[in-house]
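Two forms, one protein chain; structure tokens for each follow separately as structure 1 and structure 2.
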Structure 1
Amino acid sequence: MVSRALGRGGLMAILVAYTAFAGFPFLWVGTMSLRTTTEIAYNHYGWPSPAHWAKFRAAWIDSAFNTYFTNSATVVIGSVAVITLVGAAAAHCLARYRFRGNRLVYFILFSSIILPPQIVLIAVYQTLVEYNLYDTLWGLGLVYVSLQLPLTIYLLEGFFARIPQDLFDAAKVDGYGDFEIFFRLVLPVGMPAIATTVILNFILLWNEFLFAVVLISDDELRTLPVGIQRFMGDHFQDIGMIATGVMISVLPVIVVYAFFSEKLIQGMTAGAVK
């Protein structure tokens, strides 16, 4: 009993230490976002007193964060929706249907995950220019879909392959067609894994910078990461306003993770479908 209590105490101490290590930077930026640069210079780690909430309004309206935020939300939410639906359908086909070239398609998708996406940047740029999709949110969204679709299919295929065949046989006996099986069986059963891919794709695309800065030049179409770079250039000496802008960009990710963290854990730890 003593050794078990010591073990639990050690694990709890490690958990508390890691939480403090991971959470302190976020808390620090959060406090700086409510303080002025003068206050930060006087005391780097002080508590905001008073809290300057008006800084968020200034960053949101005066520095065009509302435009950047809307652009990011539009392209990321749209891309994640397409990635999820198409990726789930493709993963279901690869996991459940046997056809010539099945494993070849799977191998090609897996190979594309290994290669760094930066190597296709020039080719993507030329393609978008040729089809008049350069400097458009549509073009950037298509690029995001193509970048994240292979990884999504790879993650979901392994999960869908573990769904018992008896469920599909029972659905066919009940008269379900292929589309009904997908929407009324595969999607509900695979929701933990699907939620995992949704969160991962949302976080990756929300913070994506390289393709956004290369493929978007119009300031009215810039996404939030690119907008923050410009914002930091305009407020190079204003640390307080930079912290405010960073908090605006981070909060959506925190909110999404807070609401879907349970599904994320279920999807990451699911060993078999029952």
Structure 2
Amino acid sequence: MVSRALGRGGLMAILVAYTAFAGFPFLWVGTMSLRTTTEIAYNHYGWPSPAHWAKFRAAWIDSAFNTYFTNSATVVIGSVAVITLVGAAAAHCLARYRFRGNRLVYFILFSSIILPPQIVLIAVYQTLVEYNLYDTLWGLGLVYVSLQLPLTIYLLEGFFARIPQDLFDAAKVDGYGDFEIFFRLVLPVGMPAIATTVILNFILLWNEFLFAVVLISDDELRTLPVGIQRFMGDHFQDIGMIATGVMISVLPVIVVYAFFSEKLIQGMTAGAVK
């Protein structure tokens, strides 16, 4: 009995400790984002009183956060849309049609999921320079599409292949052609899987750093992750201001997470749960 209670208590202690470990850094930055650097220097772990909400406005105005935001949103939304459409079409084709080379294409795409992207980094850079796409959001978006396309096709193919063939036959008998079937049957029926890949791609690309830092040099075109790094450089000692910037960049994701946590978790773990 005693050992059971002890075990229970130990378990609870672990849970509390880990929750603090996982959550503390974020909450700490949250408090710092509302305090001035002077206040922080006096006591790094104090509660914000008074809370300096004005810092958020200052950070937003003072730096190019709105530019970074717009750039990130443009490039990420654009490439996620393209990835979804192109990926779904390819996945449908691989899942539903029999043709010579079907499995070969699948195998090649599947293998390229494992390739570390920095292998192609230099050549991608050279290629974009040659096509005058270096330092443009178009170029970055194109690279983003190629980064996430294989995984997207892989995930969607698995789902689409499980749609019963009878549905397709029924649609054919009902008079629908290949493309109508794709748009009016596959996309709606595959929506849960598509939503999952959209979330996964969105988060991964929203946080992408390596290609963003290599392929963009114009400050006007920077995406959020690189922007924050810049911001950090500009406000080297101004911890309070950096904390505010960090919070600004994190809030959208957290807000979305607050509403769609289950779907988000599902999307993020889609590649691993089998």
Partner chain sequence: MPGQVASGPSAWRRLFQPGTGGDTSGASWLVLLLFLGPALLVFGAMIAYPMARTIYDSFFTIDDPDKPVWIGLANYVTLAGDETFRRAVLNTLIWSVAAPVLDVGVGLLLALCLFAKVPFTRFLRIAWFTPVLLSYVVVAIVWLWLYNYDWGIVNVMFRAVGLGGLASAWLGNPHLALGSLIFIDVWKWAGFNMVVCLAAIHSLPSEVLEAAELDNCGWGGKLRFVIVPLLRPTLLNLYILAFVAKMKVFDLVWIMTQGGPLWSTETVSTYVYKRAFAWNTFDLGYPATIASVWFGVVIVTVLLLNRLLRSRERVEF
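Definition used throughout: the rigid core is the maximal C-alpha set that superposes within 1.5 Å between two forms. Given the structure is predicted, the values throughout are model-derived calculations rather than measurements. Numbering runs along the sequence of structure 1, starting at 1.
Of the two forms shown, structure 1 is the one predicted on its own, while structure 2 is not. Core-superposed comparison between the two structures: the C-alpha position of V213 differs by less than 2 Å. Taking the rigid core as fixed, one finds a CA shift for P225 smaller than 2 Å between the two structures. With the core held fixed between the two structures, V29 has its Cα displaced by at least 2 Å. On rigid-core superposition between the two structures, the C-alpha of Y18 is found to move 6.6 angstrom.
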